[in-house]
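Below sits a lone chain in structure tokens, taken as the form predicted alone.
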């Protein structure tokens, strides 16, 4: 790994979000009410993992009962299996610091959120994401499934504790490296039909094609805004499209950008993109953004960064991927009035 890549990866792992966490009024049993907890939460972490810090802080104010921690932001229950940094990027178009959240220990909204039994649930959600990523990359998740128990524990602890050195040492055994050349690549819309063994596929993946696991959080909005602080607020997860759609491209050939990747993930928004060159796509972005028949990217954020759309997609993947080997992209897009018109 080159020095620049190491520095970028360390930057991602060191990323943190200042939180100001209030106990919900309905769970406060003391006067005066407890002050909010101030916590620096890792971007790559998960909100339920803050429980060991929050439970002692609020314990004297809680009513009797069984504790099941969950969080909300402006009335919206937060999905615990989405990394904290992704939640922040998605929900705070105009970033607020500290991020004001409300914590609950009672009344878990099981009709909205999947059950969560604390750290164990988060761990297995992470391991399942690794399996899914391995399957996308190599067509098999056997390397993750065959991890030794000590390696599995050490890998999870490295994510919890933000230990990048240990994470790299253990994760390298999974053979999930997916891009060699940072600055090239061309779309490959049709997956290979050849019959290869899993081992052969793993050995030649970097040469033949790269399949990038992507989780895209899309909010298609109808109203326009020029300032991120004026961005509309959503109050239901039904307003967000959660898209798992891998990006596939060869590691030789035409320059493949972040914009190309977005278009390949969202063909319903860019129905004619497969017939255009990258230069034509860039010209279209510059010349036609105001035409209502074209979608307009209002916000694209990865790891708290708003990269330019012409940046090489391979650089984004190599440097901004989460520890679950998924690239998490938060996207606000102003949809055309009639898609494909």
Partner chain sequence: MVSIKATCDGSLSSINFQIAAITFAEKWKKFNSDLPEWLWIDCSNRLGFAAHGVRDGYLSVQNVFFQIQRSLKEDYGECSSLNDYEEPFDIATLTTGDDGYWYDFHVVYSSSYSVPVLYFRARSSDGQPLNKDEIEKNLPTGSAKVLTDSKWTFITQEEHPYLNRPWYMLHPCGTSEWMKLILAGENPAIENRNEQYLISWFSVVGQVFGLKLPFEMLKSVG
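Numbering follows the first chain given and starts at 1. These figures come from a predicted structure and were not determined experimentally.
Another form exists, predicted together with the partner chain; not displayed. Remarks below refer to it.
Engineer: So which of 110, 94, 98, 232 reaches within 4.5 angstroms of the partner chain in the predicted complex, heavy atom to heavy atom?
Structural biologist: None of the others qualify; the residue that does is 110.
Engineer: Only one of 175, 254, 245, 74 gets a heavy atom within 4.5 Å of the partner chain in the predicted complex. Which one?
Structural biologist: Filtering the options by heavy-atom distance leaves 245.
Engineer: At 4.5 Å between heavy atoms, only one of the stretches 155-163, 256-264, 75-83, 99-107 reaches the partner chain in the predicted complex; which one is it?
Structural biologist: Only one stretch qualifies here: 75-83.
Engineer: Does each of 7, 39 and 119 have at least one heavy atom within 4.5 Å of the partner chain in the predicted complex?
Structural biologist: No: no residue has a heavy atom within 4.5 Å of the partner.
Engineer: Please check if residue 151 has a heavy atom lying within 4.5 Å of any heavy atom of the partner chain in the predicted complex.
Structural biologist: Residue-level check for residue 151: no, no contact with the partner chain.
Engineer: Would residue 90 count as touching the partner chain in the predicted complex under a 4.5 Å heavy atom rule?
Structural biologist: Heavy-atom contact with the partner chain at 4.5 Å: absent for residue 90.
Engineer: Taking heavy atoms only, is residue 147 within 4.5 angstroms of the partner chain in the predicted complex?
Structural biologist: Residue-level check for residue 147: no, no contact with the partner chain.
Engineer: With the partner left out of view, is residue 238 within 4.5 angstroms of the partner chain in the predicted complex by any non-hydrogen atom?
Structural biologist: Within the cut-off, so yes.
Engineer: Though the partner is not shown here, which residues of 104-142 have a heavy atom within 4.5 Å of the partner chain in the predicted complex?
Structural biologist: Heavy-atom contacts within 4.5 Å come from 110, 111, 112, 113, 114, 115, 124, 128, 131, 132, 135, 136, 141, 142.
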